[in-house]
Ligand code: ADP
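Below you'll find only one chain, the form predicted alone, shown as structure tokens.
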Amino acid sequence: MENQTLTDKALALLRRFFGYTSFRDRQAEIISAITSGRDCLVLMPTGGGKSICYQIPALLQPGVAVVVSPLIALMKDQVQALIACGIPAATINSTQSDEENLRIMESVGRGHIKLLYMSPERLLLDATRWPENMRISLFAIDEAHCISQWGHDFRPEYARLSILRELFPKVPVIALTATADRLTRDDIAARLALRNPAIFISSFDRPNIRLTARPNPGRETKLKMIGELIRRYADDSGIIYCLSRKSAEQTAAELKARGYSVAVYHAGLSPDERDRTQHDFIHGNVQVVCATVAFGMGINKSNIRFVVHNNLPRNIEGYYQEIGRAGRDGLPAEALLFYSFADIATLRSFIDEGERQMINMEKLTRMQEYAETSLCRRRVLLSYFSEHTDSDCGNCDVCLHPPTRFDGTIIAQKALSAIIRCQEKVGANMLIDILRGSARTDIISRGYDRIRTYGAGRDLPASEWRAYLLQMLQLGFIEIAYDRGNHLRVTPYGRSVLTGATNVTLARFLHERHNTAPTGKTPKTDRKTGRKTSAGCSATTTATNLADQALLKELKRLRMALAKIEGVPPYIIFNDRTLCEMAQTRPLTKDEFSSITGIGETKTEKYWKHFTRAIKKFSE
């Protein structure tokens, strides 16, 4: 009964402040666990609703929830969004005066603040000086992959956060990230000293994002393709990620010369220049930003419709996080990746000069394999995060232009059997030599020539075995133990192949497939959402019919005008999905307006007259 009461209270708060009538996948379970005092580790995709998992518990309990976040811009964005919903929130950071930070802490002490956002450096500095009567309901560690040496964005200051367990042993900790493989998850739990944490792994699938990868087609063709994206989403926004500052500046200059609204963002600019670019982008004054990977983290801008990677990213975790900045509202979006051997050479040189060379080189290899795959890209991406599906997505370039496939069950069984008979202590190259019956000295000395599957794959050349092993890895039948000499291991999914419970379909080796950029044509209906998945279509065309588009434009103009008056980004007022529903249902009364998804009590009171008046005027 207590859980039911808690759920009812949580739902009431969700509706009151955020305007939603139900929780998303796993959110209710997470809220229940952290509210009961249990540590939690949450993996949820970008745009999947991680913030709700600690914001609702903060409202349910007395005291203040302290949220650790790596970027000031991210903290300010979150605080603005919460205040707009009527929730008392604040941030303490170095851009504010000491007097302002002191005033906020006094408000916290009086119980007037429910969520307090801080950087790890600031938290570590201030935590030992907090008054004993300061009541903390929970600690939320956002972007928790930053704490792990295995993560793609390791930050030493995050690693010191384990002191929170010593200073506040009774306060529950929730660690949240959108990108963490198995090693990183274990490392996060250990470094934060989480006590028997409840681990929640939501689906990493973002079916609304179309995935496309292209070998570098040359500068002019690449710019033409990017220009097509910009024109296709003329009323929306996009990000172009570049490998270097020079590349970001050059791409921005060339697109500006073609008449597009573009700004540049990288660490070589002054803080004022970076702040101005970010401000112009989130407020809708510039359409596209050409940036290095530092841009965009944590910004909940809902109408980013495309993300282009001008070069191959360093790893899949970073790539996944960056493409997740598109389509956060669930409407169709596009992720276009260009790659070349020059990118790989450059990234390998970066790795050779840095730390953790072995793990970073392996992660780069997996990123390269994703770019060059002949399998459904979404299945490859999900498999990397230990999520498996038995059907192709229908919304990536491989699915739209599929290669020739065949029943590869016997081939897979030979490889899986050999891995197990070698006690999962061999890497890919040695496995191939074992399957092909090589007389290598180390194979003979270890006795691998005496296993049953020795030489069972003599009929296939090494290059073909390498391609099929890669597909098996991408499909989730095997995994690489990076922490154990890069040995191959058979997953539970792979064992089902050995028992005959699962059949394996592989792409024919060396088949030339037609790899093109999105065309704007509408493919089949998405298997999960039931919506058309064409990222080439305008997001607003998908969400509304032609008769509603004119009204939607009027509502966007009104939103922009109100945002300028209030000095906030337009998405802080309403996201595009809310405006699309408004354009479809055309509310004319306060009650009708308040029933729109994403409109809570505070926003109803503040905006219902403005928007219903505009709708009425348009209808007349």
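One rule holds for the numbers: they count along the sequence shown, beginning at 1. Keep in mind that this is a model prediction, so the values were computed, not measured.
What comes next is about the form predicted in complex with adenosine-5'-diphosphate (ADP), which is not displayed.
- Of the candidates Arg24, Arg15, Lys9, Lys606, Arg24 is the one whose heavy atoms come within 4.5 Å of adenosine-5'-diphosphate (ADP) in the predicted complex; the others do not.
- Of the listed positions (Arg378, His309, Arg328, Lys363), a single one reaches within 4.5 angstroms of adenosine-5'-diphosphate (ADP) by any non-hydrogen atom in the predicted complex, namely Arg328.
- Using a 4.5 Å cutoff between non-hydrogen atoms, Ser32 does not count as a contact of adenosine-5'-diphosphate (ADP) in the predicted complex.
- Although the partner is absent here, Asn575 lies within 4.5 Å of adenosine-5'-diphosphate (ADP) in the predicted complex, judged by heavy atoms.
- Remark: Arg559 does not count among the residues lining adenosine-5'-diphosphate (ADP) in the predicted complex, judged by a heavy atom distance of 4.5 Å or less.
- In the predicted complex, adenosine-5'-diphosphate (ADP) lies within 4.5 Å of some heavy atom of Gly49.
- Only one of 39-47, 579-587, 562-570, 57-65 places residue heavy atoms within 4.5 angstroms of adenosine-5'-diphosphate (ADP) in the predicted complex, namely 39-47.
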